Ligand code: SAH
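Coming up is one lone chain in structure tokens, specifically the form predicted on its own.
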Amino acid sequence: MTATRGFDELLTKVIAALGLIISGNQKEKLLNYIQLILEGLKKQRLVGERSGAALIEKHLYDSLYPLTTWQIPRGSLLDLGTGVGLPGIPMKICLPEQALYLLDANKKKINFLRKVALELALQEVFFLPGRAEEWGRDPGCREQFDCVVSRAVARAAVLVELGLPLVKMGGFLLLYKGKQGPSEIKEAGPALQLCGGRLEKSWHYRIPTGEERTLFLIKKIGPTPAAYPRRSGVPQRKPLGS
């Protein structure tokens, strides 16, 4: 596949703004990934933005921001509610040694991600079609991942209940939130206590479009009780502590 040349300069600026150093091959894969999303948008609504520039300045920048502030543990990385692969696919391209697991209930998006992994020749990428409530109770996934990330999926209290059961003891849950993040993480206090998590650190930043973002790092300090996550749909309808 030929990378989209028109976005090459913009991606170069975004990578420089983040302070990341990537290879030419990694840069080409990021460009090709954007092109795959744009091609996919012709057939289905994969993501809100329909321009390559917005995908690079908003989604790629945001997805890769944690790499500038924190060293993601080597091992297994799970993207919960991955959608079109954000932030998991950009992270995998820049951290090829990570084993990446992509979880989403939308089968069409999982099929799209299978195509992405094939087209970009990404190794050790695994797919978990279905709901997080179900995978969180699966013995093969429960408390098995070194790091779980989730971006723009649900409120923090919901993500804590869905994400922490998948994180191994001593592992991390990384939540991408908007400017309402501080109030959301405060609401998530009861969920953190019940599910064995502790807020370790947070970062407030702006993406190139000017929008505010907050990143929350949660450490798993205790086992998640067997009662969590509750059955499908309940965490969203009745967040813990609400």
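Remember, predicted model here, so these are calculated numbers, not experimental data. In this text, residue numbers run from 1 along the sequence as written.
One more form of this protein, predicted together with the named molecule, exists but is not displayed; see below.
The stretch in contact with the named molecule in the model of the complex, judged by heavy atoms within 4.5 Å, is 98 to 106, chosen from 118 to 126, 98 to 106, 164 to 172, 140 to 148. Looking at R114, you'd find every heavy atom of it more than 4.5 angstroms from the named molecule in the model of the complex. For P90, no non-hydrogen atom is located within 4.5 Å of the named molecule in the model of the complex, even though that partner is not displayed.
A residue is said to contact a partner when one of its heavy atoms sits within 4.5 Å of a partner heavy atom; G130 meets this definition for the named molecule in the model of the complex. Not displayed here, the named molecule is approached by G83 to within 4.5 Å at the level of heavy atoms in the model of the complex. The single residue of 213 to 242 lying near the named molecule in the model of the complex is Q236, the criterion being any heavy atom within 4.5 Å.
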